[in-house]
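Just one chain is shown here, as structure tokens, and it is the form predicted on its own.
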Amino acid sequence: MTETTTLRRGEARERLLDLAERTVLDKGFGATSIDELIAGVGITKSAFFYHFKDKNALAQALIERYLENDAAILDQLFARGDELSDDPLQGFLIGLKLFAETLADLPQAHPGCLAASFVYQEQLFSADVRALARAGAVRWRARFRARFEAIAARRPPRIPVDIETLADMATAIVDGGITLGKSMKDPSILPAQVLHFRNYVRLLFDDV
């Protein structure tokens, strides 16, 4: 196998995942067929099965890639916030502002949360894929809980608050903002909701 052939096969796999993600977010996994994906990418059915042994394998690759990309984006944004402030609250607020700006810069409304889409249709997937989809929410909970614990250690909240429930609020805000933005066809809703969440966090922990 030549290096060129390997590269082309790798490109075909990424094109399949790109198209599958857009299609699943648009109309759901159940309504997404292998035939439309191979037609859209311009490959043979045997080429599809070279990359994915079945549709469930495609689902697993989709969710793994989505969660990896999601984590990389958030890591970058909140690391930048930490670089700009030694105060865990201020660093977190900067990270949320950068997150809202990133969402506002999208050319169209956010395409949707693939992990949430998989949870909504979990009866279509194997136990492994269902576990990966749930892992998305668990990772968000752990990420934001760690942030809030660090903030609370320096700045006790002004009212009693359950840190884990507060961490889950981040997921609820983003997933709800995506749904509302798509329903209203208004891409400004999601970043605005993130900024409202930012204001709430500031009011909860800021002692000024």
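In this text the structure is predicted, and so the values were computed from the model without any measurement. Note that residue numbering begins at 1 and tracks the sequence as displayed. Under this definition, the rigid core comprises the largest set of C-alpha atoms superposing within 1.5 Å between the forms.
The next section is about a form of this same protein that is not shown, the form predicted together with the DNA.
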Open item on the list: Within 4.5 Å, heavy atoms only: does A61 come near the DNA in the predicted bound form?
Closed with: no
TODO: Indicate whether the DNA has at least one heavy atom within 4.5 Å of a heavy atom of T32 in the predicted bound form.
DONE: yes
- [ ] Answer with yes or no whether R143 is in contact with the DNA in the predicted bound form, where contact means some heavy atom within 4.5 Å.
- [x] no
TODO: Using the partner position in the predicted bound form, report whether G42 sits within 4.5 Å of the DNA, counting heavy atoms only.
DONE: yes
TODO: Could you tell me which of 157-165, 144-152, 177-185, 47-55 sits within 4.5 Å of the DNA in the predicted bound form, going by non-hydrogen atoms?
DONE: 47-55
Open item on the list: Once both forms sit on the same rigid core, is the C-alpha displacement of F48 at or above 2 Å between the shown form and the other one?
Closed with: yes
